[in-house]
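Below you'll find only one chain, the form predicted on its own, shown as structure tokens.
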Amino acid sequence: MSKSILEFIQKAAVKKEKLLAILLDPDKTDLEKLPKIALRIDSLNANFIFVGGSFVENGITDLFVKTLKKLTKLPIVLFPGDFSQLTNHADALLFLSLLSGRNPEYLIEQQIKSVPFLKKSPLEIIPTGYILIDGGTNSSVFKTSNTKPIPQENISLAIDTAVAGMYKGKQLIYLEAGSGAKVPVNSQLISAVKKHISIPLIVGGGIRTKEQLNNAYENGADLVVIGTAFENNTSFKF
């Protein structure tokens, strides 16, 4: 892998090589189980481990990533719920803006709070437009951010939101159905968004089967994130 994680994702997207990330939530993952979990992730041929959650206590992420780093050679990318979940022990940070919401706390305030840490950090910072799509449940992102997700059928709004993110300089667009989603982002929406952006597309939330994974890939996802399905069953296989 190149030194730049963003560059690796961009090159894979150009070559149409599909990538996989496993999302681990430090609030839901026992540190003692990490050795076995790391082995399982390696067997899935994942490209990245994303680490983050909406309700992680201050300081937990640092210990979690430090422990995980000793167990895997995979790049660890922070997917933080707020600025307190930053640690220099990871490789990169998805610098998220919740574009689908209108709460300034998650559009810009949390980002500003992170700057004193990031100015001194070696983390690769990847500007990412985060778009919450209705997955049929009140996700932790919805509860934390107090913002409504975009309905699956409102494809034009999803497209415009993604394109606005691209115009604002985001390097990645992340369509997320939310943790524990009953349904993943539908194929029509993924395909439509992909056709209107020229940057890599990440899709996550509600993907529990190989069919759903392949459906996301076939409709334009460059990187798919698996979280709840792996949390609930660490012997999970595609």
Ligand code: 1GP
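Since we're looking at a predicted model, the values are computed, not measured. Residues carry their position along the shown sequence, with the first being 1.
Same protein, other form: the form predicted together with the ligand, not shown, and the subject of what follows.
Enquirer: Only one of 35-43, 165-173, 197-205, 63-71 has heavy atoms within 4.5 Å of the ligand in the predicted bound form; I'd like to know which.
Expert: Of the options, only 197-205 has residues within 4.5 Å of the partner.
Enquirer: Going by a heavy atom distance of 4.5 Å, is residue 47 a contact of the ligand in the predicted bound form?
Expert: Judged by the heavy-atom cut-off of 4.5 Å, residue 47 is well away from the ligand in the predicted bound form.
Enquirer: Would residue 130 sit within 4.5 Å of the ligand in the predicted bound form, counting heavy atoms only?
Expert: Yes.
Enquirer: Within 4.5 Å, heavy atoms only: does residue 214 come near the ligand in the predicted bound form?
Expert: So residue 214 does not count as contacting the ligand.
Enquirer: Within a 4.5 Å heavy atom cut-off, is residue 190 in contact with the ligand in the predicted bound form?
Expert: Contact check for residue 190: no, nothing within 4.5 Å of the ligand in the predicted bound form.
Enquirer: Just to make sure I understand: among 185-201, which residues lie within 4.5 Å of the ligand in the predicted bound form, judging by heavy atoms?
Expert: None of them.
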